[in-house]
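Take a look at this single chain in structure tokens; it is the form predicted alone.
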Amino acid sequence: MKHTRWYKNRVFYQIWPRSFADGNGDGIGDLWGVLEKLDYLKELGIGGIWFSPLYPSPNADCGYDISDYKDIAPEYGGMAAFEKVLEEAHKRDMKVIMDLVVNHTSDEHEWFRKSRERIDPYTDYYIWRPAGKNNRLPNNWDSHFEGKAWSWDEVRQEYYMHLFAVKQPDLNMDNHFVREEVKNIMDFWLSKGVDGFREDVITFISKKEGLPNDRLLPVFRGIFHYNHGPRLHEYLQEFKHEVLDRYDCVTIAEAPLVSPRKALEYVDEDGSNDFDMMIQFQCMCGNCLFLDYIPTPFSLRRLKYAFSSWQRKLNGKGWNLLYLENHDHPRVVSRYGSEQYRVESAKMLCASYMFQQGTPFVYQGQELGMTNWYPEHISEYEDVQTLNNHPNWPEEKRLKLYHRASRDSARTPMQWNSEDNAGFTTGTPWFHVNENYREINVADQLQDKDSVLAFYKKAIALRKKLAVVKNGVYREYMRLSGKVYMYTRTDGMHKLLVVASYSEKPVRVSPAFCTGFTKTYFDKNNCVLFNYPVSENGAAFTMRPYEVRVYYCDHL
């Protein structure tokens, strides 16, 4: 079947189901809650939903430890609720994509239970190794979440590999039977009408033969022996040709430590591509070094480099996935914007990425300008990654880091109104509600034409309306500025200009900064989206704190 690449014309919305909306009052977000909110998403302008894992799971890693790939967890409503949401989403012309997590399973999955007992054909479904001399680990690789990448199993009397949590054993993708299982999972959901997959850490599934030791620093040890591994493309092409090519679906790879050049090995649009899009992490490194837990001062130049390198290098060759928030990172207003200027900076950040070339993703609550969560005690955190970062530090020091870096800040319940529990549930919420829900919520913003939510609606509608946003050539201006991000999109007939200040201090901007622009382009009548009133007619102007302006001219 020919892929129509419908994903290029849509804006997606990521739902973290446990925290989105509770439809039955048990305190856990579910699919009945999602069903009630589909019209809200449609009104926002959303054309597709990405669901974080909905499968049965012990929740050692909030659903990314899957115990059954072909069912929906009872707490989310089971398969009946999912099928109803899928049907109603499609009625509203919204696509639905699932999280596909096949680098690892839960240790409570049937496959693992049989593998540890050496029951065929499951014996080698996972990566097992005997203890080395003096009971040494099989190699020195690190887990991303919990210590070393190996844990001892008393039943099998061997070590198993887990690149993430201890309860997330890695599958052995070199085993033909495991790949057949993956293809069966894909076919199961696609035949139900699901429109594609976001594939979790999919570039990790092929490990280097022999599993050699690594000389990298702790935390990263081993990563270059399993990221973009030796048989990765072979396995991806097998999935593509034997299953995915039979459906008009979209495939999205989560790809840590990937550059634009490396990405083109996977998303080149010559027809042989492994994926349609990639989730890269470079745009998440504006205030950290590789990981959120290695903080650095925010650098707009670093962020702009990430934006522009992906825009330039994929132009005409591959398709970008655009995002500034998801379930794996703290809230973007708190990290790249300003909580003091929350409304202004949330709008500015929206326009900064929404008009680049690619498919934008909005994470739940991002459209409200939700902020980080600041608990008083370490014990209030839930996330396994958070709690295993610097566990030996004093609590005050850990708390300061977690306030800044924890992905739990993105997992607090969605703030629907100013009533109890932010309108998320009539019961006791499974997780803490951010205390600022009375000031930041959907109900209030729906009544405010100048709200962050209203701005997102306008931005999404404008993006859909203007063909230059899909096809126009990207060009950055003021590249060395540490305060302003400025870029254009041009298609020969039309020009769009985005000017965004990442500073609370005044910044002077002039048409002279933009080659090919005259002052008439800066006429206030050409300003189609803004977060402060615009009064200038073609002159240079001083940008206010976190100001953004989007100009459009259709008569070049």
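Quantities reported herein were computed from a predicted structural model and do not represent experimental measurements. Residues carry their position along the shown sequence, with the first being 1.
From this point on, the text means the form predicted together with a small molecule, which you will not see here.
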Given that the small molecule is left out here, which of Gln168, Gln280, Thr412, Thr371 has a heavy atom within 4.5 Å of it in the predicted complex? Gln168
Tell me, which of Asp107, Asp408, Glu367, Glu254 has a heavy atom within 4.5 angstroms of the small molecule in the predicted complex? Glu254
Name the stretch, out of 220 to 228, 440 to 448, 198 to 206, 478 to 486, where some heavy atom lies within 4.5 Å of the small molecule in the predicted complex. 198 to 206
Determine whether any heavy atom of Asp328 comes within 4.5 Å of a heavy atom of the small molecule in the predicted complex, and answer yes or no. yes
How about Phe455 - does it come within 4.5 Å of the small molecule in the predicted complex, if we only consider non-hydrogen atoms? no
Can you work out whether Phe361 and the small molecule are in contact in the predicted complex, taking contact to mean some heavy atom pair no more than 4.5 Å apart? no
Distance check, Tyr502 to the small molecule in the predicted complex, heavy atom within 4.5 Å: no
